[in-house]
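Shown next as C-alpha cells: one chain only, the form predicted alone.
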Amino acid sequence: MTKYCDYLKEVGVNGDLFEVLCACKNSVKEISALVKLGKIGKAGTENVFGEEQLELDVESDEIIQKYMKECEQVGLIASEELPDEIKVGDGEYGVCYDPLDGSSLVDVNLAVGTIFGVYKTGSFVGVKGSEQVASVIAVYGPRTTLLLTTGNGVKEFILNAENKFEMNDKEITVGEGKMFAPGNLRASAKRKDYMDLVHYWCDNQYTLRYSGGMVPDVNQILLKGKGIFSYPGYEDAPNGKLRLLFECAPMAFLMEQAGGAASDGRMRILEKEVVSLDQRTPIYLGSKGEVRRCEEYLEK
C-alpha cells in the first residue's frame, strides 16, 4: 500500500511543502490519540468567537501549534481558537486550521475532525481560497482518516495498526445523487425558500445524512460520491456561522478537486476574499447539480 509521504513524492510534492504536509499529518496522529483517550470536559474558557472551549479544543490547538512551530517551512499560522494570526518563523507557508471541528459531539461519541488550509502567504487577510496549495481534513471516527488535495485530485489515507497512513486506492469523485446534510435548519422557520428546498429533498426521497459535524458530513459526500451539505444564513445570522478561512475554503478546495462545487449562493467559495479571520459565509457544498439547485432556490 502507498504511504502518505510516498504519495506526496509521486505527485511531485517535495521540499518545503512536503515538510508542511508532514507536519499536518503528524499533528493528526497525535490528536487522534488524544481524542481516543483525552478528557471530554469543559476547559472553563471561551475562544475569541465567544464559544465555550473543551479541554480537547485547547489541547488539539496546542498540538498543531507545536508541530507548525517546529516546521521551519511554516512562517504563519491561524487557528479558529486564537484571536490573531501568529508569525512563527521565516517560512513562506501559512497554515490555517480548525483543530477540532465538531468538538461538541465528542461527549456523545460521534465523529469529529481537523481542517487545514495551506497557502504561500505572509498574511491570511486578503487571500482567496483559490490560492491554497493544499487542503487536508482528518476524521476521527471508528478509524482515523485523512483526505488530501494538492491540486491533483483528492486521495484518502487510513491510519493503520502501525500508526502509518496508507492510501485508499478508491477514486474520490463527486457526481450526482440523492443525499442531503441540511445544516442550520432553524433558518427554515424564517426562510420559506429554505423550507421549500428541504421539502424538495424530502418529497424526492433523498437520503438524510447529517451528524451535526461539517467534517464527517462533507467527508461522507466525498466518499459516497454524491450529495449536498447546506448551511444558509438567516436574519439572526445573515452569513451563517461557518468561517470562510478555517472551514469553508479548505472544504471547497477538496470538493472542487473531487469534481463537485462550493458556493455561497451567489459566487464560488474559492473566489471569496478573506477580509477578517472571523469572516462567516453561507455555503452549499457537494454535487454540482445540487449546488445549482441551492442557488436557484435560495437566490433571494
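Everything numeric here is computed off the predicted structure, so don't read it as measured data. Heads up: residue numbers just count along the shown sequence, starting at 1.
The next section is about a form of this same protein that is not shown, the form predicted in complex with ligand P6P.
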Report the stretch among 223-231, 137-145, 172-180, 150-158 that approaches ligand P6P in the model of the complex to within 4.5 Å, counting heavy atoms only.
223-231
Using a 4.5 angstroms cut-off on non-hydrogen atoms, would residue 106 count as touching ligand P6P in the model of the complex?
no
Given that ligand P6P is not shown alongside this chain, does residue 87 nevertheless sit within 4.5 Å of it in the model of the complex, heavy atom to heavy atom?
no
Does ligand P6P get within 4.5 angstroms of any non-hydrogen atom of residue 35 in the model of the complex?
no
Determine whether any heavy atom of residue 213 comes within 4.5 Å of a heavy atom of ligand P6P in the model of the complex, and answer yes or no.
yes
Considering 274, 261, 31, 242, which brings a non-hydrogen atom within 4.5 Å of ligand P6P in the model of the complex?
242
Residues from 255-278 in contact with ligand P6P (non-hydrogen atom within 4.5 Å) in the model of the complex:
none
